[in-house]
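Below you'll find only one chain, the form predicted on its own, shown as structure tokens.
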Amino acid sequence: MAETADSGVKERAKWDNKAQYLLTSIGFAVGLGNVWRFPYLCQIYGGGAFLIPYLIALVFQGLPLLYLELAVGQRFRVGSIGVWKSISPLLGGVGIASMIVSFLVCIFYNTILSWVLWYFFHSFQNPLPWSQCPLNENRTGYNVECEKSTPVNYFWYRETLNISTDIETSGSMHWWLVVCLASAWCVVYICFIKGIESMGKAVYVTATFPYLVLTIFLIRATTLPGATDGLMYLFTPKWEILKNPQVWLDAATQIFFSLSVAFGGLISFSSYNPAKNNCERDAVIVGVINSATSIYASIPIFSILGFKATNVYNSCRMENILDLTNHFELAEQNITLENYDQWFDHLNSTYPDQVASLKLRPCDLQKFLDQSASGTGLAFIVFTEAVIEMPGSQVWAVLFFIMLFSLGLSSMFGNIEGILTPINDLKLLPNWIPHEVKTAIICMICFLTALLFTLSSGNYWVEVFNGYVGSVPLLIIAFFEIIGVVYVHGMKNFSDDIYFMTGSRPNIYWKACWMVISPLMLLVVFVAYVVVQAQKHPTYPTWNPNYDEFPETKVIPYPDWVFGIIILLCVVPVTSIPLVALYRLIRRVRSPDRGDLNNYCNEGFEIETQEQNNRRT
């Protein structure tokens, strides 16, 4: 961050080079959802068929929003609050809403990274701790809860989370989770201690390393037994599923959230660009790479899912082979995996009553492939279970969790930037406080708030925040962003701004999306989402060893008081939008000569004007 010698005006920090900016933006956009949410949606929504609504949403909703945020950030050269306040003081609440959402996302997102650290630390053990059940207290057998479920489930729910039976049973804080959470926040602070100066160096690793690991996994996973079945499952489209409106709704929300628009981080990142920069090309590069990463990550993920499904399928048939061999007193090795179907058909046609009495397990590869999981279930249960069967399992576990941590860390940079930059631009903290101290204060507040997630009920609260903080509020914020730029700032003014920055005006595609298509899609998605959620009382899965169908999770409705908190998480972040507008209108009525509603009252241009004067001098 430089300072002009003759004016004393503090210049806005700048990226060392274009690569830093692009890597940071890509790292913010490409997060954990690309690895564990997108493959899940492909799995439940017809494989390749899901790509059609996904790409449509990318073209008409994702890219226009991304371009708009990068453009306004670069032109006004301030954070999210400063941008919308500059366009119109009435819109100041939009930036505040983005900052609040970024804060709420920060506290639960870094909790997930603390879980990743916990698994990473345990990945060096041989054998892996989730590969076998521990002994019971008397050391006379294995732990009963583990035997009823699986070692992988037990390590996740009991050893890691020590989870309670429902969200109302809070329990106590677990020291190992507190230590991991503190470690995760220390890493974030160290990388962010100098702002974009230190963060710009960190993204060279955090934004590129996941692609290296994904490529290594791609090469290894495609050579595993059953990988072909997994890939066929991914790329075989089920066209009839496109008739389901939920598919289109989930595609629109996925592309919207995966690009990380409306958080304020992208606006802050682009504000560090020079005034003359092709932000249109940047938006296309970031958007395309983000979506391509989702598809690229799906290939090794589905290869491993196919490998896991094949192992379960073969284990199921081996159990049946053992039952048939013992019952009919056949010689060992008579029935093998290769001739199992022929033997079963023969015995079933010859001795149908005896075969029926054995109650053999139904073994269907397609059914095992259909068993879907997303989020923490995919990362900490499905994938860890598959890793156990892979040769050199410790190596693959270490690589996988380093990749997840790098993905999450890059996204955390954008979330922290979405908090710090508005605070600095609004001068909410005194200028004499060093940037390092300001960052430390924000990280400490987030850490203390996130201690909620280290309780026995912490995982349930993470699911609440994950499911509702990043849904309705972001849709509302994005809608007001487009309205603010196109209809308050004006399409002509915005077109002039883009011409100033890029040397060319936006084409008909961008204008049509900004003026009609994108706001209309956002409105439709918002209404559809609210209608879908309003039709049912929200429920959540619980881990209860006393449940009759254990180890299946018991799905129960949220208590009324938790449901009230869910409503608050959806409403409170965006209440600043009408409140700030109302406050400005009241001030205008009381002091009509103040000029509060001057669209061109933009402090963000002061530095630019000063630089121009210096050049003329």
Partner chain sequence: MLEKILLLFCLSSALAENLCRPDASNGYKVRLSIKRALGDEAYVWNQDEMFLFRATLAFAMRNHLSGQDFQVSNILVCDETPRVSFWFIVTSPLDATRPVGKEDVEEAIRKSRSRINSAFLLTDQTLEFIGIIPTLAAPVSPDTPPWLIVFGVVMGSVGAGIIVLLVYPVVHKRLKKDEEEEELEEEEGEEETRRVKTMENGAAGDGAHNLSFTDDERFTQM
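Positions refer to the first chain, counted from 1. Values in this document were obtained by computation on a predicted structure and should not be read as measured data. Between two forms, the rigid core is the largest collection of C-alphas that superpose within 1.5 Å.
As for the form predicted together with the partner chain, it is not shown, yet the points below apply to it.
Among residues of the shown chain, V179 is one whose heavy atoms approach the partner chain to within 4.5 Å in the predicted bound form. Residue contact check for A512: none of its heavy atoms lie within 4.5 Å of the partner chain in the predicted bound form.
Residue contact check for L322: one or more of its heavy atoms lie within 4.5 Å of the partner chain in the predicted bound form. Among heavy atoms of Y142, some come within 4.5 Å of the partner chain in the predicted bound form. Comparing 465-473, 279-287, 322-330, 538-546 against the partner chain in the predicted bound form, the single stretch with non-hydrogen atoms within 4.5 angstroms of it is 322-330. Here is the short version: of T449, S183, Q394, S315, the single residue with a heavy atom within 4.5 Å of the partner chain in the predicted bound form is S183. Only one of H174, K438, R158, H122 comes within 4.5 Å of the partner chain in the predicted bound form through a heavy atom, and that residue is H122. In the predicted bound form, the residues of 189-213 lying within 4.5 Å of the partner chain by at least one heavy atom are, in order, Y189, I190, I193, K194. Once the cores line up, the CA of L358 ends up 2 angstroms or more apart between this form and the one not shown.
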